[in-house]
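Single chain ahead, by itself, as structure tokens, in the form predicted on its own.
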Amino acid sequence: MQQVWTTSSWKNKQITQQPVWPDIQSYERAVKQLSSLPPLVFAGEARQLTNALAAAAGGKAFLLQAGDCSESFADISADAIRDKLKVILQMAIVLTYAAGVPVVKVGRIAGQFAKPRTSATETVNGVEIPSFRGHMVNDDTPTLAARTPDPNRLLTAYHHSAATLNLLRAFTKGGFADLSSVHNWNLQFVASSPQGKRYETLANEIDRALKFMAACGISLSSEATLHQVDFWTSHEALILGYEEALSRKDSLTGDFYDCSAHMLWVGERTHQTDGGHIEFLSGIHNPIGCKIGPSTTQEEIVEICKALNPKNIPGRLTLITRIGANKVVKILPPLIKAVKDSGQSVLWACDPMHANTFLSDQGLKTRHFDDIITEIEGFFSVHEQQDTWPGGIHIELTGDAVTECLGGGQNISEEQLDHSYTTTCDPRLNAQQAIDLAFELATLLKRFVAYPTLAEGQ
């Protein structure tokens, strides 16, 4: 007899990547307090995002999912949040204007405080200490005291997420995202770069188009879409106690939603169909993402689709492939075919970063901009062959002038990596690299938009 899903039924499954809380009573108090706090997002908002993602799955829009690898408690400031949003808005405007398709903007923000780890421990100066699992769990300082999981951090993560969401809503609905402010989104350190100048050229074209419409008598003030944007939040649903505590039953539909974010995803390390993470995500009604790596089989990907989207609802499930620049054209085609043959409705998105990570000679994790572009090109090429829609991109970026990824317009070298390497986990694109990527992506996307049969391929 099949077990009935509840918000806690994940506890009866195999559970991985969970911290070992040294004080269980303290953990239980923290979770209980979380369960009594207001939701961070609302069920109706999650349903709106599902509808937007359904359009993307059907070839009528494109998903831009972007933000920090792992948010840091130390970086929760108005300037940092604003600058990250600026980069995402810039990327979206490049894609929308150049390729002519609506862009669904989803941030890795307001909750991306936990990270899976390959090993539960690491050795620092001869001492074995717990691995850093994100600021929701412990601190990145390499000492035993700092790395000991602290359940009070779950509450801190909630409050930081609430503050971030509050500011994002103010920015996106209060005038900052107005299309007439498109020039103001260009960060100061980017403006004088080739990428920034290219963006300014596009911004000038938008200004002229708005003036032309106004001259034709079109009332721009009444068009809400010109003055505000829909911006959604997402994070990896990793710490299941936190996610369960923020799940709420919708008073309108009776369905459960995880109100910690609009969209949640499950990672490659935790997407076992008999595991606790899939169990939890299968019962909530938010849109769900699932990372798909190079070891995923055709049988497994179909099982994942059926487990996470049993009713086959368009927009419910996004498959985020992270395969690698040198493997994507070989590994991706049979996976797409298996999903097509099964009749599952999915949105395909490309994560071109995680499978292209390597250690520099300095021992710093990095990625090369050329590898990122190569995987995106391979992703698009495969979808062109399969007559399916390459519906989205999933990347890690920051609004800071970091030097964490190699190459790009600045041609960052290995010797420059440590000049501004501030990530708490994986390397991120800086704003110049992100805008550079957006223009490259727009060129690829424009080709698909020119062929409607491809955009309606699934």
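A quick note: this is a predicted structure, and the numbers were derived from the prediction, not measured. Don't overthink the numbering: it's just position in the shown sequence, from 1.
What comes next is about the form predicted together with a small molecule, which is not displayed.
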Contact with the small molecule in the model of the complex, heavy atom within 4.5 Å, among 133, 153, 322, 84 goes to 322
Out of 115, 316, 105, 383, which one falls within 4.5 Å of the small molecule in the model of the complex, going by heavy atoms?
-> 115
Taking the shortest heavy atom distance, is residue 303 within 4.5 Å of the small molecule in the model of the complex?
-> no
Examine residue 243 and determine whether its closest non-hydrogen atom to the small molecule in the model of the complex is within 4.5 angstroms.
-> no
In the model of the complex, does residue 426 have a heavy atom within 4.5 Å of the small molecule?
-> yes
Any non-hydrogen atom of residue 231 within 4.5 angstroms of the small molecule in the model of the complex = no
Counting only non-hydrogen atoms, the one stretch of 124-132, 213-221, 261-269, 340-348 within 4.5 angstroms of the small molecule in the model of the complex is 261-269
